[in-house]
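As a starting point, one isolated chain is supplied in structure tokens, in the form predicted alone.
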Amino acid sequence: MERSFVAIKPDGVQRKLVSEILSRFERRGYKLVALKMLQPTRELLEEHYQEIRAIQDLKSKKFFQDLITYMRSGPIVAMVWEGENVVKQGRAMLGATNPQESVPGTIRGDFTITVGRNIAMERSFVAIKPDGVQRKLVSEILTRFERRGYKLVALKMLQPTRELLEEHYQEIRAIQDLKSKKFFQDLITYMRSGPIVAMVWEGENVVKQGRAMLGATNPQESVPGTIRGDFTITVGRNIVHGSDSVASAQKEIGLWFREEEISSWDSNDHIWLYE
């Protein structure tokens, strides 16, 4: 059996993710053989990051000192896990160092946004469709965006009118080979079959990353860990919509929400999500 060192950084502790991360390793079957919370000294961190410190183009910048300051900004939870291939598999469970490259289902893919933690914030429109509401998945979908770190700035339940839906889907409506079939009318009927929960989420790269969290439009192509990959089977009942571009998001937000319905507020988590 091999062992691996895992440390939950100050932002993970501040965001109360210690139990979640412990749970993921335990559920995988790895054995916890050491655990402690500590406030690391500068000397310990400099030795830990000595390879980074040795890189001249980084050492000559403020990068290294910012890293040390960040790692000393709060307590760290240090752990040692034991099990077969735990180093490689543990890294896979954590996800890519850059969260933008981490897939849903990994720790960084589910809970983080930036590789460090002032960035122009974008917004995305997300709608839980009638089947998602009927299947009581509203809290699950909200939870996934909240725990990733995105900020909810608009939310309402509504029964959309035919006119609203036709404008929302006007690009599909304009496609002649679809318009000539019953596809479009079936889509409108489905989207009017029950209430919809409409939302606006704010954060760095939220359009692209939000789409990744939803999974492929066709659930058969959605990987486990995504919303559609975990909860849906067919493309006609894929429970959720998300903007596919920043331009589409701006248009959809303006269509579904009045300006006064969108909140502007400061999140206490911001400093632990963005560098």
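Heads up: residue numbers just count along the shown sequence, starting at 1. Fair warning: this is a prediction, and the values are worked out from it, not measured in the lab.
Same protein, other form: the form predicted in complex with 2'-deoxyadenosine-5'-diphosphate, not shown, and the subject of what follows.
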Mark residue 232 yes when one of its heavy atoms lies within 4.5 Å of a heavy atom of 2'-deoxyadenosine-5'-diphosphate in the predicted complex, and no otherwise. no
How about residue 138: is it within 4.5 Å of 2'-deoxyadenosine-5'-diphosphate in the predicted complex, going by heavy atoms? no
4.5 angstroms heavy atom contact with 2'-deoxyadenosine-5'-diphosphate in the predicted complex for residue 238: yes
Contact with 2'-deoxyadenosine-5'-diphosphate in the predicted complex for residue 108, defined as at least one heavy atom pair within 4.5 Å: yes or no? no
Go through 210 to 218, 40 to 48, 62 to 70, 24 to 32 and give me the stretch that gets within 4.5 Å of 2'-deoxyadenosine-5'-diphosphate in the predicted complex, heavy atoms only. 210 to 218
Taking 125, 145 and 152 as the candidate spot, are all three within 4.5 angstroms of 2'-deoxyadenosine-5'-diphosphate in the predicted complex by heavy atoms? no
Position in contact with 2'-deoxyadenosine-5'-diphosphate when the complex is considered in the predicted complex, options 133, 87, 121, 187, heavy atoms within 4.5 Å: 187
